[in-house]
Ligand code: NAD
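First, one chain by itself in structure tokens, the form predicted alone.
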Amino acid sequence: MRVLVLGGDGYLGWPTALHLSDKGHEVAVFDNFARRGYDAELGVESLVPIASLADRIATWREVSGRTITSYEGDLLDAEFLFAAVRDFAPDTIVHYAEQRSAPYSMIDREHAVYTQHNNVVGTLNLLYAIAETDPAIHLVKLGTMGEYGTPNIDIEEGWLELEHNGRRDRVLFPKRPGSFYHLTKVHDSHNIEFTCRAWGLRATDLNQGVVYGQQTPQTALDPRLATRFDYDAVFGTVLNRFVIQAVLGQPLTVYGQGTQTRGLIDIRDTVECIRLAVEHPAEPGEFRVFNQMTESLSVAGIAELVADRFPGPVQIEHLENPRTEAPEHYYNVKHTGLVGLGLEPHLLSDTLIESMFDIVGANKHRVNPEKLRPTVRWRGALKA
């Protein structure tokens, strides 16, 4: 198949492009390099050095003999986007090309507006590009489990069978997102569902949990193929932060009591989930939702797992939670769709966290310890 990966220079977009190419698909990547720009803005960089996109593509050709096409542009530039879609003529478009950090979206008004405009308008441009170029293109969109929030009922896969006053209907699962970033994903989901219903488009919305890990079988083939390892308090994942703090001999910083529960997924499972969605497309007019996670753990549970696996003493420090979220909540997520398509999950308890310790140990000279502490507070954007 011909697959266009939007955000193909990013943490997940690049290994996804390699995975799909390795499986025999013709792949192109589309990126405006905004993620690299956020590093410059925040004064931080990936723990693991990452090559330029041109060097990555050349290395992949050298290692695999396969070619990846690239388009340097912005989804907000509708004319360029339409031209790229027409030129590559994809069967499937995988959409990662959004500002993906909740803390970044909560810095202040400017960052909130940027995130909303960039994500929602970019996706709207994409929907029109598909509809006006080839409505048969299958859109695979990366959503987030954060769309749902933490409802006091089981979280179904996107839809909810509802009975009210003696009548029944199937509706999109109610959403209660926890940041302006997560709100953009909700807006995207509603816009995509509408275009499936109104225009007959086909789409798979993958509501993904927190991703951990930095290597896939393809990125491990050459250091120049490495993807990002974000650790800072704005873009870094909680597991990455804990692993770095353990290696540096710092306390693991748990927000609040750490009883908040999150869905998790290994990066190797993320790229495989994308492949499964690509190779088993939704039907025309179908808005299909999969909860893309493999297990759930509390933040404190993740800290305890890291402390248990690290070969040395580890302390855990509880900080005031900078976010506005329920400290304790019910969390039971249905996530059977992708397993039904053939996903064989890696679980965090089975993952070699020790390999992450090794990655950090080899690159710890690149850590800026000041960036590990939270500086963005959900109420801090409000001016007194």
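One rule holds for the numbers: they count along the sequence shown, beginning at 1. Being a predicted model, the structure only gives us computed values, none of them experimental.
The same protein also exists as the form predicted in complex with nicotinamide-adenine-dinucleotide; that form is not shown, yet it is the one meant from here on.
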> Would residue 35 count as touching nicotinamide-adenine-dinucleotide in the predicted bound form under a 4.5 Å heavy atom rule?
Replying inline: yes
>> So in the predicted bound form, is nicotinamide-adenine-dinucleotide close enough to residue 100 to count as touching (4.5 Å, heavy atoms)?
In response: yes
> Though only this chain appears here, would residue 96 touch nicotinamide-adenine-dinucleotide in the predicted bound form if you measure heavy atom gaps against 4.5 Å?
Replying inline: yes
> Might residue 75 be said to contact nicotinamide-adenine-dinucleotide in the predicted bound form, defining contact as any heavy atom within 4.5 Å?
Replying inline: yes
> Where, among 205 to 213, 305 to 313, 154 to 162, 167 to 175, do residues come within 4.5 Å of nicotinamide-adenine-dinucleotide in the predicted bound form by heavy atom distance?
Replying inline: 205 to 213
> Listed by sequence position, which residues of 1 to 27 have a non-hydrogen atom within 4.5 angstroms of nicotinamide-adenine-dinucleotide in the predicted bound form?
Replying inline: 7, 9, 10, 11, 12, 13
